[in-house]
Every structure is written in structure tokens, then in C-alpha cells.
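So this first bit is one chain, no partners, the form predicted on its own, shown in C-alpha cells.
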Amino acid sequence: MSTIALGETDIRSRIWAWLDRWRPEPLLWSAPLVVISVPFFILPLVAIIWVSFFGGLVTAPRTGNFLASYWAIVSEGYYLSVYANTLGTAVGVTALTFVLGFPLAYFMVRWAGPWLPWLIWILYLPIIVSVVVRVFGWMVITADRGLINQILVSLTLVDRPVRLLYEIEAMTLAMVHRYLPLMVLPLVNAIGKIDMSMDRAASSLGAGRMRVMTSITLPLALPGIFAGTQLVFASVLSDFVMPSLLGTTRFPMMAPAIFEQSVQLLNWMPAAAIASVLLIFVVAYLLLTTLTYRRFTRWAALG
């Protein structure tokens, strides 16, 4: 009888030990995220992928080759130019925001002092203001008689106004303005965590400013660099407003192409296929940058 009692006690102790190791708190905390993500994010993505292959939700079900939509958008020259334009713009805007954003973030952290909260608030302004308002502002700035052309003509740098509005240049300027905060804010957070005594120690050992920047600041700021580039790149890929209102039809991009196929031409399956390819681009870039980040953080840790 005592042996049975000891066996039951041992089983109960094992059960309680397993329950103690398995804590339901993380699942409970993530439950609201799951409740929101499934109906408003995951299910729409599944619906888009389903429509791209089979149709049937907003159009008649496909009866032929279920890869026909994908074959059309990867074989036609128009769609290939759309992909090239979008990826090139995303890379260019990401590079520009980093080139402009890193010195700004470094200045804000190292030299702004008590003005740092005000500068961060100024950075937030482009995010707070409606994107449509910003677009109209850039229309005024980049018009033939806008601020930029007036400055160029008054300085006799050009003889006549330069065509900027409804061209790639105006669209790129507006995108850099729109997404610069997404690059600067992660950089400010990352650079702010770097101990300044490390810079002083490297300088006292004979390292110049450039050596300190490349050997200490940049490696330790990698989390902010990768976070900023991911945010900007993914946002530019899916931008619809800037290419539609400031760009040109001679330079088509993916988001306006999706709108054209789905809303104007009612070709839902090609539109869904383009959207799926856009999602693949975003996921591939996020995975690539994450793997690169893990590789370089090992290098950064080794110094």
C-alpha cells in the first residue's frame, strides 16, 4: 500500500514539476496579438495568395493553369520593369536615408544635449502630419516655379526651371523625407546605448576619429542600422501615395500596379499575384538582413 502511495506521490510531483516549467504567461500575453493578427492580417494574406493561384473569391474560379498569373507577371517586360523600378527605388531611398540619417542621429545623441527631446519631436512631425498634406507640400516645393527651381534660377545654376514634379526626382525626395524618421529613430536608440567612455579610451590609445567610428560606433550601432534599413526598405516597396501623386507613369512601381490591376482593370488574380511577389520580396529582405545581422554581430562582438 505504501509503495502505491509513493508511486502516486512521485507521479504528482512530476506533473507539478512539468506545470512549473511550462508557464502559460507568455501565451496569455500573446493572446491579444493572435486575436488581432489572425482575422486582420493572416487571413487576408491567405485570401490574397489563394486568389493569385485559383481565383474564386472575387472572380470566377480558375479552370486552367493555376500558375498562369505568376507566369504572366514574371515573363512580361512591363512587370519586370515594375520589379526593377521598385527594388531600385527601395535600395536608393534606403541608402539615402542612411547616409543622411546616421550623421544626424550621431549628432543628436553626442552633441544635442538638452535639445535632444526637441529634435526627436521635430523628427516625429513628418509621421504625425498626413501623407497627403506632405505630398501637396512637395508639389509646391518641386513645381516648375517652386522653391527649388527659384533657388536654382536665382543662383544662376540653371537657365530655366528643372523638371522635378511628376518625375523620379520629386518622388525620391518625398520618400526620403517621409521615411527618414524610420531610419533616424532606431539609430538614435542604438547610438544612445554606446558608452562614450569606449570612444575616449580608443582615442587615448591613439585611434583617430575615423578608426573610432569604424571600429566602435558602427559595429555597436548595427542593431539600429539593420532595424532602420528594414523599416525603410519594406515601406518603400509598398508605398502607393508617393509614386501615384508625385511619380510618373513612365516609371511604374508595384503598389500602383496592384491598384491598377485590381481597381481599374478588375484583374484580381494578376493583382493578387503581384501582391504575393511583393510579400516575397519583403520577407526575403527581412530574412537576408536578419542573417547578415547575426553574422556581423559576431564580428562586432569579437572587435
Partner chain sequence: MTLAKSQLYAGERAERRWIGLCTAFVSFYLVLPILMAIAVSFTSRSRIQFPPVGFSWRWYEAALANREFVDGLVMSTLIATGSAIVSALAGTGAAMALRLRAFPARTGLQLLVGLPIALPAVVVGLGLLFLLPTYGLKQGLVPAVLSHAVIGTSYVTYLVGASFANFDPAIERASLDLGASRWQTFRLITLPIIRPGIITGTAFAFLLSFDNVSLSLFVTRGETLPLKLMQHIQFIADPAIAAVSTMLVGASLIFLIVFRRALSERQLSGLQRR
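Model, not experiment: these values are computed from the prediction. Residue numbers count along the first chain shown, from 1. We call the rigid core the largest set of C-alpha positions that still match within 1.5 Å between the two forms.
In what follows, reference is made to the form predicted together with the partner chain, a form of this protein that is not presented.
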So which stretch, 84-92, 153-161, 71-79, 175-183, is the one near the partner chain in the predicted bound form (non-hydrogen atoms, 4.5 Å)?
175-183
Phe259, heavy atom within 4.5 angstroms of the partner chain in the predicted bound form
yes
Is Ala272 close to the partner chain in the predicted bound form, meaning a heavy atom pair under 4.5 Å apart or at it?
yes
Just to confirm, Thr249 within 4.5 Å of the partner chain in the predicted bound form by heavy atoms?
no
Answer for Leu291 alone: is it within 4.5 Å of the partner chain in the predicted bound form, judged on heavy atom distances?
no
At 4.5 Å, heavy atom to heavy atom, what parts of 110-142 sit next to the partner chain in the predicted bound form? List them in sequence order, or say none.
Arg110, Trp111, Gly113, Pro117, Leu119, Ile120, Trp121, Ile122, Leu123, Tyr124, Leu125, Pro126, Ile127, Ile128, Val129, Ser130, Val131, Val132, Val133, Arg134, Val135, Phe136, Gly137, Trp138, Met139, Val140, Ile141
After superposition on the rigid core, does the Cα atom of Ser154 shift by at least 2 Å between the shown form and the other one?
yes
With a threshold of 2 Å on the C-alpha, tell me if Ile36 counts as moved between the shown form and the other one once the core is superposed.
yes
